[in-house]
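In the block that follows, a single chain appears as structure tokens, in the form predicted on its own.
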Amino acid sequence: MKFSIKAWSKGGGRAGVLQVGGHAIETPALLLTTRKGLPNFIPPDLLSSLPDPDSRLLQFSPLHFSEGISLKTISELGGLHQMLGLKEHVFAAVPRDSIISLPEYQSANKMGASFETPCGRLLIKPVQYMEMISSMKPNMWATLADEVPAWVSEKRNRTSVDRTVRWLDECITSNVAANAGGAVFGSIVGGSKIEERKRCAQEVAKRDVSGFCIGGFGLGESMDERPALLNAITESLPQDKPRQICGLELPEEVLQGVAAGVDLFDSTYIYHLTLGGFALTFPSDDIAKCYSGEQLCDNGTDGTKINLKATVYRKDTSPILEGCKCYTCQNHTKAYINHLFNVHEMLAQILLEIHNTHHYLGFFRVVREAIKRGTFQEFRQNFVESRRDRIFAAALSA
């Protein structure tokens, strides 16, 4: 894996290129959230309909495989790439996702991290985690972390940092680490304390890692206190290595991360939108048009998405978004997707996730262009203010 920075913008954003798995992927980039290595709804044969190579990054949690197929079988098949038939995709492993593998800080101890999963509460030790990584052979993987929410005591917070750094050493020096392959991303925690965030980042930066995975966000901290935490971390890290983050979902939150110098983001936002029947509609084809106020608030939404379960779309024969190049908008209408939701057909989620993924990847492309043009700060300000105004207008008309 190689990483290089190509542009900086006023406001802190940076654009780079991540070379991994035979692909050159521009950053900031989106890691597509998966369950057991595949998107939640999109079938493998339709992955090729998404923008390439932006859609090549797939994120998964090894804990997804706690039930079903054994690690030995996965290893014998040659890892996830071979087992899933996705040899041209890039897999990034993280212990936690924000959907089905949630950290449970109260049950964690010095032996390992605890997670709430569909299989129940699991205590994962570093050696167990490395056995998973060795069997699955991802292109990139984050080390085990003891993530805690924002409200824990200072003592518990310090303990989480100490454990995370110790587990990092255990992961990279274990006997199976040599067989794991892939680029190692050192996990960084520290809760809502700037001092602990700095301490963890500085300790992890001393280790021989290829990048950094910033954890512990989306666990109770406010958006107002987040910039200081993010800046404390990134200012303590070397600039020539990529930074990944888990827990920032909304576009405004992603822009916070970009402003702090984060390069890779997860996509649980797409999953939650799709599950609720929402389709993204904010303009993203051109920076000058993005959030220019051309599109009005629709049916109680915030003007950036529409609810395709709403009855108003029962006879709407237009695509989700005029001009969108995704498979769904090129072939289907709002009325058809509304019908699919009404009869509880899974195809509704498939078509909607295709559109939302395509659209959100476009949002990241717009962000990269803004950084390259040196207008990221203005773009971010306009984006956030316009979205806030639309939400306010929707609330008044409700």
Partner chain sequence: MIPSQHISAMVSMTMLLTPYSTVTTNCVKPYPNCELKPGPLRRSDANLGRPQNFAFLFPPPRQGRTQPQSLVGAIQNSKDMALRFEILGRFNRARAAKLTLPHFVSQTPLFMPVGTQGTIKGLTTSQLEEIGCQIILGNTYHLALRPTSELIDELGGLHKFMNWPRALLTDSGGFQMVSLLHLADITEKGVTFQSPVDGKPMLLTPEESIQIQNRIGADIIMALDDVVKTTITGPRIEEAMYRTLRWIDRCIAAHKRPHDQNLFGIVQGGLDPVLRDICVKGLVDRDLPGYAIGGLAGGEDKDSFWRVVAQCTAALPEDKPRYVMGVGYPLDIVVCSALGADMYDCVYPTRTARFGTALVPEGVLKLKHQAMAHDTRPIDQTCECMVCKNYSRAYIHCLVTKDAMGSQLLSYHNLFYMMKLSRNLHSSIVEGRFPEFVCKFLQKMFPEGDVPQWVCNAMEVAGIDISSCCSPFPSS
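All of these numbers come straight from a predicted model, not from anything done at the bench. Positions refer to the first chain, counted from 1.
Omitted here: the form predicted in complex with its partner chain. The next part is about that form.
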Query - 4.5 angstroms heavy atom contact with its partner chain in the model of the complex for Lys155 - result: no
Requested in this report: Using a 4.5 Å heavy atom cut-off, state whether Arg373 contacts its partner chain in the model of the complex.
Outcome: no
**Report entry** Distance check, Ser55 to its partner chain in the model of the complex, heavy atom within 4.5 Å
**Finding:** no
Query raised in the report: Any chance Asn175 has a heavy atom within 4.5 Å of its partner chain in the model of the complex?
Result: no
**Report entry** Residues Val17, Pro238 and Arg243 all lining its partner chain in the model of the complex, heavy atom within 4.5 Å
**Finding:** no
Query - Asp169, Glu104, Glu195, Glu76 - the one with a heavy atom within 4.5 Å of its partner chain in the model of the complex - result: Glu76
Requested in this report: Would you mind picking the one in Arg314, His272, Lys325, Arg207 that has a heavy atom within 4.5 Å of its partner chain in the model of the complex?
Outcome: Arg314
Report summary line: In contact with its partner chain in the model of the complex (heavy atoms, 4.5 Å), from 25-33, 340-348, 355-363, 55-63, is stretch 340-348
Report task. For the heavy atom contacts within 4.5 Å of its partner chain in the model of the complex, list the residues of 43-72 involved, in sequence order. Result -> Pro43, Pro44, Asp45, Leu46, Phe65, Glu67, Gly68, Ile69, Ser70
